[in-house]
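First, one chain by itself in structure tokens, the form predicted on its own.
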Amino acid sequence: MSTATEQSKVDALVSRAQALYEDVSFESVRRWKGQSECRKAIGFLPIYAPREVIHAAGALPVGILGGGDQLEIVRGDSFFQSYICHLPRSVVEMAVSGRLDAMDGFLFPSICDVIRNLSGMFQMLLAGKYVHYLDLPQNFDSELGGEFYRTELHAIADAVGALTGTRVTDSRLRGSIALYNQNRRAIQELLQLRTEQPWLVPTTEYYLLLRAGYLLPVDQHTALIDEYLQAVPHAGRRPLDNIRVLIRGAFCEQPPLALLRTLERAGCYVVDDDFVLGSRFIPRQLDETGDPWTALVEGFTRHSVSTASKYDEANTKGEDLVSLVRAVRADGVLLMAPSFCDPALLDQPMLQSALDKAGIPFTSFKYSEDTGQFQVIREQAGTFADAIKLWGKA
């Protein structure tokens, strides 16, 4: 097929993903539920939730990432003090404005005090809805943290199954794991293509494709990525004189799309990041044949990715970041944290120290999901890119 035809296919896929990105009222979820009276949707806050369990119980797991720069905060600010991140403000705004009415329940992972406390607020704001504080283990011993997490998984399975009328059997859970394994495979192929040939996969398109997985049924999301992977190598895209950067800090509150466009225009190819981390929190394939509960427990306790909200048992976050920079051949690092994000900002000095010792250039800045002015960031990222191009260091 012609280059124009393949580019047209890519444009259509990205447009579909962008429509989902802009769907802050979850109309796509309402339409999905409207196809059957027994369909239920369970919303989860960043970063990670066991979507396989929700799927096996017959419900749609839906990632709630806030309203971004598309939602005006009217009432959400009145629930919080001024010195916390923006994400909970827009999540509460979505709740009190009816935008979350399509959800039949909510999971709040234990990633920080703010997200933890949102579970109690939702119990008051949305009385009668299923609300569960997902207490993720920080001890990764199989007999301690592993067994604790297994109990959490069963509690979620029982509660969501009661909503849908579908019991989570081992067979159903294995089937869900198999579907999410296919999704992991597709995402890993997208990540690999982006790392090897970043001019083929602009950061904005990659980001939109990942976020689509928080709204679409898993099989539809896998198909979307597969179609993109088939078309984009033939779309006639050519490399630019950009530097290769790795981004850390954006694992929870997500950056606005315009911020990522700004980084691209400043001359940066993003070859690794922690955007929409829940969609790839466990990057490896899980066992589809044995005990599915053990597969999920081991996936989280042994094979999940490193992030600021997860206890670093081996105390190797800095070393791991340096190794990853070299593995993806990044020229430098952007430490990009949301304002008032305690986990990201507490990790940042340790990461800076490791990068300094390794002689890896880095720069840092803060953002919020509703950031609207990008000139300062563009100048900073552009100067960083130019310094590396000219002298090999920032």
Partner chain sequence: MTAQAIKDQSQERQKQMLSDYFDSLAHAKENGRKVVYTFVPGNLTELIANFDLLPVLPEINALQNGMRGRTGDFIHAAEKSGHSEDVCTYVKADIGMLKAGNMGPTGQPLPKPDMLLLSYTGCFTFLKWFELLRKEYADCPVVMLHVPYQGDGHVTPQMRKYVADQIRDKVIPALEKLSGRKFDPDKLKRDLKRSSVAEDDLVWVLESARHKPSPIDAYFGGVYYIGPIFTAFRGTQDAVDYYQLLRSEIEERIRLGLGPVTPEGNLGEEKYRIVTEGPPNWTSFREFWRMFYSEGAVVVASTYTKVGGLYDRGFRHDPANPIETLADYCMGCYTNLSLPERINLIESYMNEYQADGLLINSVKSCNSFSAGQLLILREIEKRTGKPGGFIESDLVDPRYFSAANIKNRLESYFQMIEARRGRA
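Positions refer to the first chain, counted from 1. On a predicted model such as this, the values are computed, not experimentally measured, just so you know.
Here the subject shifts to the form predicted together with the partner chain, a form of this protein not shown in this document.
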Look at the candidate spot formed by Phe80, Gln123 and Gly145 and say whether the partner chain comes within 4.5 Å of a heavy atom in all three of them in the model of the complex.
-> yes
In the model of the complex, which of 303 to 311, 207 to 215, 229 to 237, 265 to 273 comes within 4.5 Å of the partner chain (heavy atoms)?
-> 303 to 311
Answer yes if any heavy atom of Trp293 is within 4.5 Å of a heavy atom of the partner chain in the model of the complex; otherwise answer no.
-> no
So, in the model of the complex, is Phe340 in contact with the partner chain at a 4.5 angstroms heavy atom limit?
-> yes
Close approach of Leu346 to the partner chain in the model of the complex, 4.5 Å, heavy atom | yes
Using 4.5 Å between non-hydrogen atoms, is Lys366 touching the partner chain in the model of the complex?
-> yes
Which residue among Leu173, Leu321, Ala157, Val114 has a heavy atom within 4.5 angstroms of the partner chain in the model of the complex?
-> Val114
Heavy atom within 4.5 Å of the partner chain in the model of the complex - the one residue of Leu100, Leu246, Leu136, Leu259 that qualifies = Leu136
Looking in the model of the complex, the residues of 167 to 192 with a heavy atom no more than 4.5 Å from the partner chain, listed in order, are none
